[in-house]
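Shown below, as structure tokens, is a lone chain in the form predicted alone; questions about how it binds or moves come after it.
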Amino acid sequence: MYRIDVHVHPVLVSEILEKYPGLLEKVREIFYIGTAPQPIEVIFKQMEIANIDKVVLLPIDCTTRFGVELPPVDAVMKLVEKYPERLLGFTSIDPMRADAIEALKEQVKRYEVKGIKLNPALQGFNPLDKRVLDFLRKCAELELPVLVHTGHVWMKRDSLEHVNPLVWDKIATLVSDLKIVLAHMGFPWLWETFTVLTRHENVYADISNVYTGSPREHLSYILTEALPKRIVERFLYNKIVFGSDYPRIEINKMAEALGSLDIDAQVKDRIFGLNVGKLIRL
């Protein structure tokens, strides 16, 4: 079994930033993060400490709204090609782009794309827009899972209107063969996430980010308190996947926090890796 982190943002990887002057300024402004740039070896070291075998790198295409990719998909994919034993690459294409479907087909042709990263709040789109639904149907046709931001957003410029997990209940009905990962367990809409997960075979959720304190405090809250432990162990054991949200949170700290939880060991194994195998072709 591979242990996999499905939610790593390569926005501050030095090897990428060095090739794109001005990108760091955009990352600070749009992604709103103050952490110092770090070489890819920092990710590898955190993976080693956490006993994580592979991480999924998630770019975000913000060209329509902000005129920039965070970071460029091509740079991410080249990094994945350099370290295929440790890195998996998702692409990100703004689904409101006129050429979105053609761009997706080109990315799949050019690289070993494992999935798609979308963020309706940051990219500024309605997931139920016909153009977005057509794009999602193409993702399903290409057997590419979509990892989508759901839940809280801190920046007031970004709307909460389209990030409630219930939006994806309708999409999962309209595009039933699309594999969907609801990022951040849709926090604070945890019961809404539970409802969508239990209604649809192809919908999953990741546990990335820490909204309620330290990694241990947050994971304990969402997986044993707000959602009772028995609910997670009985009904969501095959629906949750591990994610850190690096560089906002260290990979090893999130892994340690999950490992420390008072939940069944077999459920932890599923979250760390077994469930990912149903999502991503390894």
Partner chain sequence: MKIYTKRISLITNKNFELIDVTDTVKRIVSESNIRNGFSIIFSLHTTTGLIIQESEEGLMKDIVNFFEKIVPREFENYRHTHYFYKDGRMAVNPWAHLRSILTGLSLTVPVENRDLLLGGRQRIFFVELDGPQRRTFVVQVIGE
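Numbering follows the first chain given and starts at 1. Because the structure is predicted, anything quoted here is derived from the model rather than measured.
FYI, the form predicted in complex with the partner chain isn't displayed, but the following is about it.
- Only one segment in the set 236 to 244, 66 to 74, 222 to 230, 46 to 54 has residues whose heavy atoms sit within 4.5 Å of the partner chain in the model of the complex; it is 46 to 54.
- In the model of the complex, the partner chain stays beyond 4.5 Å of every heavy atom belonging to Pro59.
- Contact check for Thr212: a heavy atom falls within 4.5 Å of the partner chain in the model of the complex.
- The partner chain in the model of the complex comes within 4.5 Å of a heavy atom belonging to Ile249.
- The closest heavy atom approach of Lys26 to the partner chain in the model of the complex falls outside 4.5 Å.
- Contact residues in stretch 1 to 39 (any heavy atom within 4.5 Å of the partner chain, taken in the model of the complex) are Ser14, Tyr32, Ile33, Gly34, Thr35, Pro37, Gln38, Pro39.
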